[in-house]
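There is one chain below, alone, in structure tokens, taken in the form predicted on its own.
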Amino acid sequence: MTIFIAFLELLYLVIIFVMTAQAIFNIRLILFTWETPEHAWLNHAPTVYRDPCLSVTIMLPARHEEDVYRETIQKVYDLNYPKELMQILAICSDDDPGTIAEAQAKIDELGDPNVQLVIYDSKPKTSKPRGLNYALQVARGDVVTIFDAEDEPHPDILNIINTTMLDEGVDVVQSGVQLMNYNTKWFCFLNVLEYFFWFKSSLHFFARIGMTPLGGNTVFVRRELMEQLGGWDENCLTEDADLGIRLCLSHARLRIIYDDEFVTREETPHTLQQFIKQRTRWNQGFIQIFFKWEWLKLEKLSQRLLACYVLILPEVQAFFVLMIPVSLFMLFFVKLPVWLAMLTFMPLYCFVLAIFIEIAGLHEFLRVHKHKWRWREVLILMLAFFPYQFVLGLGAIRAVFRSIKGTSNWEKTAHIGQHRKAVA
């Protein structure tokens, strides 16, 4: 029994240090941009635009998006860029007649041959990267990009990309994406702030190291480079992160741009069930990429370590959730040495610090997007912090379970356009 207790104490100590290290590193990612003012300035969008020169193919993949798709096509068509330099591809699977009808109605209304409907075969399976690869075959722009079915890109986004690519000679530009409906559900506060910190800070840390898992949209890549890479991995549930690693392996010149004014606006999942399914898909995609082992081909050790950290994070989250019962057992039934009992508070200190950082992030988000500050919403954020971590853990556990079972179907996140309604 003594040996068993000693083993539990050692295991508990290891868990404490792993949780603390992970929490500290996550805080480092969140605060990277703010630690040096120059970081934020270097990532700003250009303020003076070059004359439009690069042609752009905009891919709009959609599935069961009848409620939002027509408006999205219109918003993309209205971007401040010469129409002759824009090719818009509405991408639908052949088993989705509702979305196809909405897309065709809007295309007929616009009457522009540069706006096209691309219908791909849903067999053997329907997936976003499968549709993207089909559309890549008919893309003719110098640059290809993706917007999701509910996206609201900034009207000047193509001018920003054109200017950046011409001035800096880069192959890839990742611009900011931001969830907007921060107060529609209790989990939305932290979900919105995840995007806020990820695109505004964490991605720039990844870019500096040279290992950048890209976002799912508002990524602009030279078409010839995409064709050389063979398009997107049709079997991967996070084709964006997979593409980011392959671009790093190909030594593509990559630029991260973040400016609050020019973000592409999106919505959070509208139910907790949808949110867990979304996180399951992302986590399972990271597991798929991990076991492809391509990240081991990255040149620098720092790149490989960062890739490993990002890709195994789902398993780490799942492990932490599973260890909660062990922690409770240790708390109530095991008399810990004083020094170990004191160490058990280290992760808690990090979590408390993270809560205050989230509150500061909420204040910054509300300020830059011109929303009112309400203490009631701060209280909701604080109360939601720990339940939110538990929900993330559930999504990670579900991803691991699905991977073990060999289940890899695409669980779609439904969109209802919450971000297109006024947020009081």
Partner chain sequence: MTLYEPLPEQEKQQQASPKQQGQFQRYVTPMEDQTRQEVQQLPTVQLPVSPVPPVPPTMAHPSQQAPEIEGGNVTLYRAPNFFVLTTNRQGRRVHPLRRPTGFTTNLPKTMPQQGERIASSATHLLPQIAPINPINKGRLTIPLWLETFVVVVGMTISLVAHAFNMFNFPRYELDEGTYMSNAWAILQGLITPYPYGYGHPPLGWMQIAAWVQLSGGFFTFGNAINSGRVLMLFYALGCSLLVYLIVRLLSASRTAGLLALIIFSLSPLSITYQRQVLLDNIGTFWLLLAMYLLVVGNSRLLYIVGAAVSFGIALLSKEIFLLFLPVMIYAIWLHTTKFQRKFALVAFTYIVGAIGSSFILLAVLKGELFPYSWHLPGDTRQHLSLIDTLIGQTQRTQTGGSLATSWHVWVSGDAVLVACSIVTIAFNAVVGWWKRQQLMLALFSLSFWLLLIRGGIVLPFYFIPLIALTAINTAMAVNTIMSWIAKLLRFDVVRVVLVLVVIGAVIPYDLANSSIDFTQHPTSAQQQAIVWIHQHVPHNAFIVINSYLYMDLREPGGTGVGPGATYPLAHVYFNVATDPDLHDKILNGNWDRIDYIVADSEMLNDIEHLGGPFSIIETAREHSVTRAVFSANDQDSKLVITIYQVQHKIAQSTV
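Residue numbers count along the first chain shown, from 1. This one's a predicted model, so the numbers in the text were calculated from it and none came from an experiment.
What comes next is about the form predicted in complex with its partner chain, which is not displayed.
Though the partner is left out of this view, Tyr349 does reach within 4.5 Å of its partner chain in the predicted complex, counting heavy atoms only. Among heavy atoms of His369, none comes within 4.5 Å of its partner chain in the predicted complex. Within this chain, Val219 is remote from the site of its partner chain in the predicted complex, having no heavy atom within 4.5 Å. None of the heavy atoms of Phe386 is located within 4.5 Å of its partner chain in the predicted complex.
Annotated contact segment (heavy atom within 4.5 Å of its partner chain in the predicted complex): 104-112, selected among 204-212, 311-319, 275-283, 104-112. Residue-level contacts in the predicted complex: of Thr238, Asn181, Gln303, Asn159, one residue has a heavy atom within 4.5 Å of its partner chain, and it is Asn159.
Contact check at 4.5 Å (heavy atoms) against its partner chain in the predicted complex: none of Leu29, Asn191 and Arg265 pass. Residues Gly230, Trp232, Asp233, Glu234, Arg246, Ser250, Arg253 are the ones in 230-259 with at least one heavy atom within 4.5 Å of its partner chain in the predicted complex, listed in sequence order.
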